[in-house]
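Listed next as structure tokens is one chain, alone, in the form predicted alone.
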């Protein structure tokens, strides 16, 4: 059943909802990356919580005017208005008062969310409030979603992606080098406004699927996971979009076959699973690869120090060092070096003496900063500099070509 949902075999409406959730995940991952780069992740939390009173007020107004209070476009317009107001309040408080941005976010988040809860309570006392179903905006729900709702969400996600493609360059420059961006003629305030507008748009269109409480997770978890896979900003943006899309696709598919489960938490749990897998398995920054690299580094240090001991005629007391030297064919079981071990130990000892001179001479300060016990000095200094050092230590100069 789950596989049928993943492969879009549960019918037209379920397929449309799944595609909408996938597009939302891609848009959230891509847009949230710029928040992640700007270190302003908490702003999305304030924006999302500020949407609740807008949803409630829109429902009340539409009901009083005789319209369907659950009309999704109307609810999204209301949420966008209060989200924009919440964002303005955060910026005003952080720029016009002594409050830091995180304090301003906390104040706006709590006040707007509290006001929204009060309005929801008021709605429940209205004659038409009992069937409102507005609680789905807290945790997200695809049950009972109309065709027009799915089209609206999918279209909004696609529009957000298109705007990110258009404005990605100034947003990246503003995130990493604001001074250079300003010197290049980029208006930082306008760029920040565009970025926050995109975040607000993704937050609003994601209310129905993910819910206002968890939309911030969909904005931040995919970029955080993508960061494990690449150091290039453009690649992080692309990977974050892919991971967000996978989370939205998988979560909406599972929600389609288990409609009693809240959609938002399912999508976020899939996003977290991708984050955990990235943290463990990513080839560059993953914990597993880091552990393997650390182990390789330790073994290399053991071998190098063992070779230094062999060159100086000192016994090797560390069993692991001796085992590693034996395995590499550099020493016998009794600690006597092989011919290859003798040659390599001489080279390592000469390298250590060179590093000792370089680290004690201010003229080589920049090069000495790269000493880690393993890097060969030929990879750092020029042949002329090495010849000068060899002259000082009284050794024949042998520079690898």
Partner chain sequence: MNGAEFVPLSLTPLLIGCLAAIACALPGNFLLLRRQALIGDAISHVVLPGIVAAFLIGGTIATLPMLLGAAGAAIVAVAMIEGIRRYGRIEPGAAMGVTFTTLFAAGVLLLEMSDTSGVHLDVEHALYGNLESLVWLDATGWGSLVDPTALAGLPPELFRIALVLVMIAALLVAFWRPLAISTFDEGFAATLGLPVTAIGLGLVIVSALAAVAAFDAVGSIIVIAMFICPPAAARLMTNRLGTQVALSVGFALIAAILGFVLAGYGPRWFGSIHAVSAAGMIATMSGVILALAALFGPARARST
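Numbering follows the first chain given and starts at 1. Just so it is clear, the model here is predicted, and its values are computed rather than measured.
The form predicted together with the partner chain exists for this protein as well; it is not shown, and the discussion that follows is about that form.
Colleague: Though only this chain appears here, would residue 196 touch the partner chain in the predicted complex if you measure heavy atom gaps against 4.5 Å?
Modeller: Residue 196: no, not in contact with the partner chain in the predicted complex.
Colleague: Is it the case that residue 285, even though its partner is missing from this view, gets within 4.5 Å of the partner chain in the predicted complex, heavy atoms only?
Modeller: It does: once the partner chain is placed as it appears in the predicted complex, residue 285 has a heavy atom within 4.5 Å of it.
Colleague: Hey, in the predicted complex, is residue 98 touching the partner chain, heavy atoms inside 4.5 Å?
Modeller: Residue 98: contacts the partner chain in the predicted complex.
Colleague: Does residue 141 reach the partner chain in the predicted complex if we count a contact as any heavy atom within 4.5 Å?
Modeller: Residue 141 lies outside the contact set for the partner chain.
Colleague: Please tell me which of 239, 76, 214, 325 lies within 4.5 Å of the partner chain in the predicted complex, judged by heavy atoms.
Modeller: Answer to the contact question: 214.
Colleague: 85, 261, 151, 163: which sits within 4.5 Å of the partner chain in the predicted complex by any heavy atom?
Modeller: Exactly one listed residue reaches within 4.5 Å, namely 261.
Colleague: Counting only non-hydrogen atoms, choose the one of 202 to 210, 99 to 107, 167 to 175, 152 to 160 that falls within 4.5 Å of the partner chain in the predicted complex.
Modeller: After filtering at 4.5 Å, what remains is 99 to 107.
Colleague: Any residue of 69 to 93 with a heavy atom within 4.5 Å of the partner chain in the predicted complex counts; write them all down in order.
Modeller: If the 4.5 Å heavy-atom criterion is applied to the partner chain in the predicted complex, 69 to 93 yields 92, 93.
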